[in-house]
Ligand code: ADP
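Here we start with a single chain on its own, the form predicted on its own, put down as C-alpha cells.
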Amino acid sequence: MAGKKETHQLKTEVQQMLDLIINSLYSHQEIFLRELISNASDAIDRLRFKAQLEPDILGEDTEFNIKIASDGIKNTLTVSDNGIGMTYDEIMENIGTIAKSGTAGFMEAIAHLNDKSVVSPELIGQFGVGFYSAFIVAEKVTLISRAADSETATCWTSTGDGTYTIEEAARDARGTTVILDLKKKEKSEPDFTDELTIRQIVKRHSDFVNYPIVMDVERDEPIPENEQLKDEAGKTIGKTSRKVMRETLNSMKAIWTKDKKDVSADEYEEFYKHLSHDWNAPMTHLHLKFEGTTEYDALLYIPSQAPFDLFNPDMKHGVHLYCKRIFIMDNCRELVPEYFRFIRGVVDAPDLNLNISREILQQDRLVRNIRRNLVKKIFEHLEAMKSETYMTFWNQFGQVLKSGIYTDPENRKKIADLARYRTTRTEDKLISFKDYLEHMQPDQKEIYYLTGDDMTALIDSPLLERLKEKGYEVLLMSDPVDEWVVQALDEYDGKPLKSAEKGDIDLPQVDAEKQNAYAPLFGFIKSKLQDKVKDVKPSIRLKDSLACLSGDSHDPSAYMEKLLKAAGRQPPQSKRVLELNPDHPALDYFRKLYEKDRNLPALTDYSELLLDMAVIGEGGKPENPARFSKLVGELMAEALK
C-alpha cells in the first residue's frame, strides 16, 4: 500500500455501536482515557510475552512506558506506548470490523437492556470495544502504529461519521500512538488537556497499571543564587525558571504481591475496576498467599453483578495468569472451573514456565495444584459469607454455580450445600437442602421436587395437592440447569431426591373399590387417547383438581422435553400418564353418563377435554385451543341453563 491512502466504510454494526457509546456514555466521558491506557498496557504485555521467545524483538528499547501528552492550544490529547504495535492488516482486522472488535457481543448485550439509552461503562471494557470510547470526547481520532517486527507504520483516521482512512505513515519505533482532536468543551465539562484532570483520572482508574504512565509537565525550579539575574538597581529579576520534567502518574503497585494488611479497601476496589473494566465495586474479594513446596499469590474478586455475557459460550474467564509479575495470559480457563467463570482476578506463580502454552497448562502439575487450592478457598469463602451477602451472590450467580453439581462430581456435595431453592413452604424465601431436611415430616422418606419454567405454575401445580395436604415440602426448581442437577444429585445426606411428577410417590393409594368402579371408564378414556397418553389411572396426587399428567420414573420430565425442543433437539419418544381424581364430582358425573350410554359422542369430547385440562394445569398449551375453548363454552352454557 506504499503511499496509498484508502477510504473505507465502518461496518454497520460498528457504526451503530459507536453511536450508542457516544450518546449514552456522555456522563462518563473520562472512561475513554482508562480504555486507551488499558489498550496500551495490553500491547506492552503482548510484547513482553513475545520477547520470552524472541528476545531480539525488543532491540535497545527495553524501558516500557505509556506516555500522555496534551496541548491546550491545539486542544489535543495523545496516548502512546512502546508495545507490540500493529501492522496494516492487523489494524484493518481489529478496528472497524465486527469480527475482532467485540462489537457483536456488545450489541447483543445492548439488545437485552430495557433502556438502550443508558449503557453502563463496564460494557465498554467487557467487550473489548474500549478504543471507540475515544469518540465520546474526540471529533477526530488518529491512530499511528508500527509493529515490533516492521519497518513501516500505518495511520488510521476517522471522525466517527461512518468512514475511516488508512495509509502508510512514519513512526520512529515500534508501538502505537492515539491522537485525539478533542471536541469543544462546554463550561460544565472537564478539560482533558488539563494536567490536574489527567492526573485525577489516571489515579482513579489506572493507578495499578504495571507500566509507568508518564507525562511531561512544566515546573518552577529555584535558580541558584549565583546564577540569578539582577537589574541595574541590583534587584533580582527572577528566582525561579520553568522547566519541563517527566513525571510518573501511577503507583504501579502489584497489590497481589503485598501483605493483605498493607492494602486498603479503596486499593482493592480500584484494582478490581482496573482489572475487570467494571464500573461497580466488587461484591467481595479473596487475597491469598500459598507457601510451601510451591509458592504463588492470588487476588480473586466476585463481581457485584453478573456480566451480560455470563451465559454466552464464548464468554472469557476473568482470571489472568502472571509469572513474577510478567503477564502470561488472560482468559485462563485452567485455573478455575466453568461454574466459577464469573470470578475475576490475578494468579502469580513464580515457578511457572514463562513459555507455557494453553495445551501444556492442562497437564501441568503446578497449575492443577493451583486450581485445586483456589477452588477450595472459593468454597470456603462462599460458606463463610453472611446470609444477606450470600443471597445477593446466589441471585446473581446461583444458576451458574449449580451447573457444577452436574459437571464436577468431586465437589458435588459442596455445591449442593450452597444451593438455594424456593419451596411450597417458603415461597418468598430460598432455603438450602439442609434446611429442607430440618423441615421434613417424621414419616417422610424422600426429598420432593418439581421442575418447570414458571414459578407460579409450580406453586399451584395440581401434582402437589396431596403432598401439601400431607405436610410434605416440595423444592420448586425453575432454572433450566435444575434438570441436570437432579440427574446428577440423586440423594442428599442419605435422603433420595424424588420428582413429584414421576413414578409412584409415598402417599395413600386409591382404595380397591373405587379403582374397580372407575376401571371401565378409565379404559374407555385410554382407548380414545391411546395416541397421546401411555395410561389413564386414578390419581393419588390430586385433591381438588380433576386431572394431571405424570411420567414413569425414568421418563424425561415435561420441562426437560420443553427444553430439548427449544434447543432444536427431539426428546426421547415417551407418552405420559393421565391421572384423574376419583373424588372429583365431575368425574363421578362423567362415569354415570358413560354407564348410561357408552356410545354418546360427547364422551370422546370430554376425554379430550380432560387431557387438555391436565396440560393447562402444568402450564402447557392444548393441542387444539379453539376446540378446547368451544367445549368449555358449551359446558358453561349447559351448567348455567
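Numbering starts at 1 and follows the sequence shown. In this text, all values refer to a predicted model and were calculated from it rather than measured experimentally.
Below, we turn to the form predicted in complex with the ligand, even though it does not appear here.
Heavy atoms within 4.5 Å of the ligand in the model of the complex map, among the stretches 86 to 94, 494 to 502, 205 to 213, 401 to 409, onto 86 to 94 alone. In terms of contact with the ligand in the model of the complex, the residue from 393, 296, 132, 559 that brings a heavy atom within 4.5 Å is 132.
Though the ligand is absent from this view, in the model of the complex it lies within 4.5 Å of a heavy atom of just one residue from 39, 52, 29, 65, which is 39. Proximity of residue 451 to the ligand in the model of the complex: non-hydrogen atoms within 4.5 Å are absent; the residue sits far from the partner.
Of the heavy atoms in residue 482, none are within 4.5 Å of the ligand in the model of the complex.
Contact between residue 610 and the ligand in the model of the complex is not found at the 4.5 Å heavy atom cutoff. Within 4.5 Å of any heavy atom of the ligand in the model of the complex lies no heavy atom of residue 539. In the model of the complex, just one residue of 148 to 180 lies within 4.5 Å of the ligand by at least one heavy atom: 176.
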